[in-house]
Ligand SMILES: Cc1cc2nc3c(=O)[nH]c(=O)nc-3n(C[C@H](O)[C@H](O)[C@H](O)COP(=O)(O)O)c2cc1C
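Coming up is one lone chain in structure tokens, specifically the form predicted on its own.
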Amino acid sequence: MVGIYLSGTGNTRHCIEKFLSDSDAAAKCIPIEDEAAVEALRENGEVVLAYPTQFSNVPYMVKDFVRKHEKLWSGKRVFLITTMGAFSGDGTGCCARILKKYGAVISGGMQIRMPDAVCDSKMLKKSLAENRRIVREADAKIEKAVSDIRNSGKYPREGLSFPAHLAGLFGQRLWFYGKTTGYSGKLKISDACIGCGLCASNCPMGNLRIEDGRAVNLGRCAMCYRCISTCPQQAITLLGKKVVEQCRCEKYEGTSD
């Protein structure tokens, strides 16, 4: 078994690492941007694919990865994990339908609520105590799923049904479809940028580089919010105009309130 994931602020990484450590301590967990992900996909028959839901859809970077390596999915058993701030609809189902076209067998899906990761919006923001509670509930959900799989072979199938498909389609995807049909060029970098290079080194797409002492957007943003959540100057925004909170999962992984 191998885990391949896209994670911006750490939510999805937390969930897939928890799932794999509880399921198979020997299983590797590899970021989707890592060159080793392709070879791991080639060599393993069982894959856990995890990503954050964006407007009830699959991040384009994940779609791109799946399609670029379409011949490697045939016969693979794939379990899908998606993370969401509030609503996912058929976040797992969107990717499952693509994978099935390439011959993959979908063993199941989980849609896990995690702390909001959109740093430049006030919507969905919670207190530290509330976010820690959300993470604890996510961990408990993963533990139960792993126990059910181990004891009965029953995999959760969240987001894979036709009603879930309708919920995702009409709940969000139709209204925001243009935001997820390709990479975004809308990342904004303010004059507060000091050219430290942290964003460029962290970007999974290599979308940012430093020119003349400041970061430059190359127009291939995956909307993962990694750069926005880590910029020391809070100089980067995407959907909003101001950084409200730099959302990093490690802030919420504590056990006390």
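Residue indices: 1-based, along the sequence shown. Fair warning: this is a prediction, and the values are worked out from it, not measured in the lab.
Just so it is clear, the following notes concern the form predicted in complex with the named molecule, a form of the same protein that is not shown.
TODO: Have a look at 30-38, 65-73, 209-217, 45-53 and name the one stretch with heavy atoms inside 4.5 Å of the named molecule in the model of the complex.
DONE: After filtering at 4.5 Å, what remains is 45-53.
TODO: Quick one: from M84, A164, A138, A145, grab the residue that has a heavy atom within 4.5 Å of the named molecule in the model of the complex.
DONE: Answer to the contact question: M84.
Open item on the list: Taking any heavy atom pair closer than or equal to 4.5 Å as contact, tell me whether L239 reaches the named molecule in the model of the complex.
Closed with: Output for L239 is yes: heavy atoms within 4.5 Å of the named molecule.
TODO: Report whether the minimum heavy atom distance between L6 and the named molecule in the model of the complex is within 4.5 Å.
DONE: Close contact exists here: in the model of the complex, L6 approaches the named molecule to within 4.5 Å, heavy atoms only.
- [ ] Report whether the minimum heavy atom distance between V58 and the named molecule in the model of the complex is within 4.5 Å.
- [x] It does not: once the named molecule is placed as it appears in the model of the complex, V58 has no heavy atom within 4.5 Å of it.
Task: Contact flag, E158 vs the named molecule in the model of the complex, heavy atom cut 4.5 Å - done: Outside the cut-off, so no.
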